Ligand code: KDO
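Single chain ahead, written as structure tokens, the form predicted on its own.
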């Protein structure tokens, strides 16, 4: 065989290999292009249940709709800064995130009722409210005005009061004169005042030293946050006021959600609800265990007259400017959910 023929055969073989490789790479790319991409942005850190729940969402969706979706999870606010996710979803630059009642109330003022104290009683009440007729009603303006569609409600935590001194607290009157650290916004300061305390704005990072030195008499936070910040080292009493049962809403860009087939929408919603359920169960379990942990550290845990706290705080809210935005009768309807 001539050198020319050998060269020709070698070239053809090489081209065949390249073609084979090309087709090999093209197939996965084609498959990827057929998948619906779901980009998820969250400020949650990997250890948080709010981060882990997104993996549950991804795994659940992969089981119910294998090969249909490409779920991309971005933690630590790596894709979008916290608070900017709703606008990104409305623009179509992001498919999913978990948004807060505070985020929503900026655009939908009537939703501010869910940022007030003693509106939601506990995690069970929270789920019944948002998964029932009230939830369907209050989410409609969110879908219309914000262009995001809430799919499930995740429990964020219940805020409790911790005091640096040993004190029995039964009603809001027992908190009179107590300098209670609150986040520095008018909404938070109003809540502190409604609880009967003297609200004191202070950055979270300054709370430990302020409790130690007596600059403040107490602070309010979900118990997991208080344990992480070691506030139990400079506190003697935990008052289980349960004054704010917070939530975040697993939401999908309405534009992107409407582009899905009805069966896909159903599977996405079911996956979101599975993720929220996973988060809720684990967070509730954590909070119960933390109470025992604080007791083991020598703290006194007091359960006050929560019904009296709720009555006093709700009366103050109803007389405030904030309540002007609340739909008539909605507070009573929320209270009536059992």
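Positions refer to the first chain, counted from 1. We call the rigid core whatever largest set of C-alpha positions still superposes within 1.5 Å between the two forms. Given the structure is predicted, the values throughout are model-derived calculations rather than measurements.
One more form of this protein, predicted in complex with the named molecule, exists but is not displayed; see below.
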- Query: Candidate spot 100, 159 and 181, all three in 4.5 Å heavy atom range of the named molecule in the model of the complex?
  - Reply: yes
- Message: Give me the residue from 248, 191, 120, 163 that has a heavy atom within 4.5 Å of the named molecule in the model of the complex.
- Response: 248
- Which listed residue (72, 131, 82, 93) meets the criterion of a heavy atom within 4.5 Å of the named molecule in the model of the complex? 82
- Using a 4.5 Å heavy atom cut-off, indicate which stretch of 294-302, 58-66, 273-281, 38-46 touches the named molecule in the model of the complex. 38-46
- Does residue 208 make contact with the named molecule in the model of the complex, using a 4.5 Å heavy atom cut-off? no
- Message: Given that the named molecule is not shown alongside this chain, does residue 310 nevertheless sit within 4.5 Å of it in the model of the complex, heavy atom to heavy atom?
- Response: no
- Give a yes or no for residue 170: in the model of the complex, does one of its heavy atoms lie within 4.5 Å of a heavy atom belonging to the named molecule? no
- Task: Decide whether residue 127 counts as a contact residue for the named molecule in the model of the complex under a heavy atom distance cut-off of 4.5 Å.
- Result: no
- Note on the structure: Checked 198-226 against the named molecule in the model of the complex; residues with a heavy atom within 4.5 Å, sequence order, are 204, 220, 221, 225
- Message: Core superposed first: is there a CA shift of 2 Å or greater at residue 256 between the shown form and the other one?
- Response: no
- Kindly check if the Cα atom of residue 226 is displaced 2 angstroms or more between the shown form and the other one relative to the superposed rigid core. yes
- Rigid-core frame, C-alpha of residue 83, shift of 2 angstroms or more between the shown form and the other one: no
